[in-house]
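Below, in structure tokens: the form predicted alone, a single chain.
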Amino acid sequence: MLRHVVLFTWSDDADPERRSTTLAALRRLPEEVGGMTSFAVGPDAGLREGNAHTALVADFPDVEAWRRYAEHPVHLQVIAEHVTPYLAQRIAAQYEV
């Protein structure tokens, strides 16, 4: 199984309403793209200064399933419309579990 972890830090242009809209778009990915065995995304709990603003964790049965997800047109559209324009920093990793 492959785990995909992404940490998003939003720019100043991402006000609370924008962040909520982006989270809603990300939360639709399991239904609209699929391929993952588990999926969670949410805002940082605010327990420590300097954390990223949003975390996403998705598990895939194998690398090929992750690649299909990563290259899916709906996934790419969500990134282009809801993530990239408001992004200050993105950090990601994929690892075997």
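Residue indices: 1-based, along the sequence shown. Keep in mind the model is a prediction, meaning the values are calculated, not measured.
There is another form of the same protein, the form predicted together with a further copy of the same chain; it is not shown, and what comes next is about it.
Although the partner is absent here, residue 32 is not a contact residue: none of its heavy atoms lies within 4.5 angstroms of a further copy of the same chain in the predicted complex. Taking the partner from elsewhere, residue 9 is found to have a heavy atom lying within 4.5 Å of a further copy of the same chain in the predicted complex. For residue 28, no non-hydrogen atom is located within 4.5 Å of a further copy of the same chain in the predicted complex, even though that partner is not displayed. Within 4.5 Å of any heavy atom of a further copy of the same chain in the predicted complex lies no heavy atom of residue 36. Of the candidates 84, 89, 77, 20, 89 is the one whose heavy atoms come within 4.5 Å of a further copy of the same chain in the predicted complex; the others do not.
Although a further copy of the same chain is not shown here, in the predicted complex the stretch 30-52 places heavy atoms of 40, 41, 42, 43, 44, 45, 47, 48, 51, 52 within 4.5 Å of it, in sequence order.
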